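Single chain ahead, by itself, as structure tokens, in the form predicted alone.
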């Protein structure tokens, strides 16, 4: 095997043939290249064809030879700039990785979590206050809000969500009636299934289940859309044009969902009562007329008032959380998914927590 090196007095000459270096030479020991390992080498000269284009294989081969040569520093002659750059890359070592951060203990993690939760709570309270202050501008028609935006939110939260709201509430009423019928018919009190389904649906199940459905559908849509606008710098464009994003984006969504939720609540109550009536008439010796009369006698106006108030609060809460998660999102595609997930999770937790607060207040008031 011919070698590209020619050894002279105290140096080497590397001649590059017209076809380039043989790739099999890379990694060979000096003896295989025709170089005496014990002979000192003080300089190395390169000879290449005119207009030769140096590549990474040439740089790797030359760097490997220089690493095997021993002695003092070797002077390189005839090395062009492009080859010097490639050899610098070949000789370069990966930068040392940053030392891992010290692991946080349980106390530090809890403390940081509490501080993050507190900051987010303050930001949410500030957003709620901002919406309350901007509401008169919306009612008087002075707010920077597009009517088409409100109509789009109403359509997305009503007609496009009506199917899943119907299925969920119909099945919840049927399940509640089934559980009640199994227990009450042993005492001969099957008729009171109407009381159970009516009060539970109107007061608890209908507003909570409808709000959870909207949190998973509409609230997530709000977060994803606003987070995408954040990534596309549309929020920055609105701020540059002196258009408050809270008024242009958040206010119409909060207003639309707060107005629409009571209507969905009434519809959900109707579907829950129908589901309970179907199960009661099939499992118990109860007629549809008797079931309706018992339901009418059991449900009081206070139950509708509590359920209606819950629906308004839940609607505003879902919209606020969805918009807040979208506004605080980053600018990458992954941040859009994180904002959507956070909107659904936070909204469901908030709905359950506020519902528990309603229960405590209603119990204290004796309602």
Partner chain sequence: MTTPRIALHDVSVGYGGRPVQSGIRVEIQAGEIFAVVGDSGSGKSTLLKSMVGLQPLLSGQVLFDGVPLDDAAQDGPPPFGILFQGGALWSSMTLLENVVMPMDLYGHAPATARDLLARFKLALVGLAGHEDRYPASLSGGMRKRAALARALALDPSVLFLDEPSAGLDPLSSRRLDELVLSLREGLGITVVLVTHELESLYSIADRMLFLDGEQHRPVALGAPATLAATSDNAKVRDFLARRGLSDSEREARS
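Residue numbers count along the first chain shown, from 1. Since this is a predicted model, take the numbers as computed values, not measurements.
Just so it is clear, the following notes concern the form predicted together with its partner chain, a form of the same protein that is not shown.
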Report task. Heavy atoms, 4.5 Å, its partner chain in the model of the complex: which of 282-290, 213-221, 234-242, 185-193 makes the cut? Say which one. Result -> 234-242
Query raised in the report: If you check in the model of the complex, is residue 146 within 4.5 Å of its partner chain, heavy atoms only?
Result: yes
**Report entry** Residue contact check: residue 225 to its partner chain in the model of the complex, 4.5 Å heavy atom
**Finding:** yes
Query raised in the report: Wondering, does residue 81 line up within 4.5 Å of its partner chain in the model of the complex on heavy atoms?
Result: yes
Requested in this report: Look up in the model of the complex whether residue 178 has a non-hydrogen atom within 4.5 angstroms of its partner chain, and give yes or no.
Outcome: no
Query - Position in contact with its partner chain when the complex is considered in the model of the complex, options 229, 278, 161, 199, heavy atoms within 4.5 Å - result: 229
Query raised in the report: Quick one: which residues from 342-361 get a non-hydrogen atom within 4.5 Å of its partner chain in the model of the complex?
Result: none
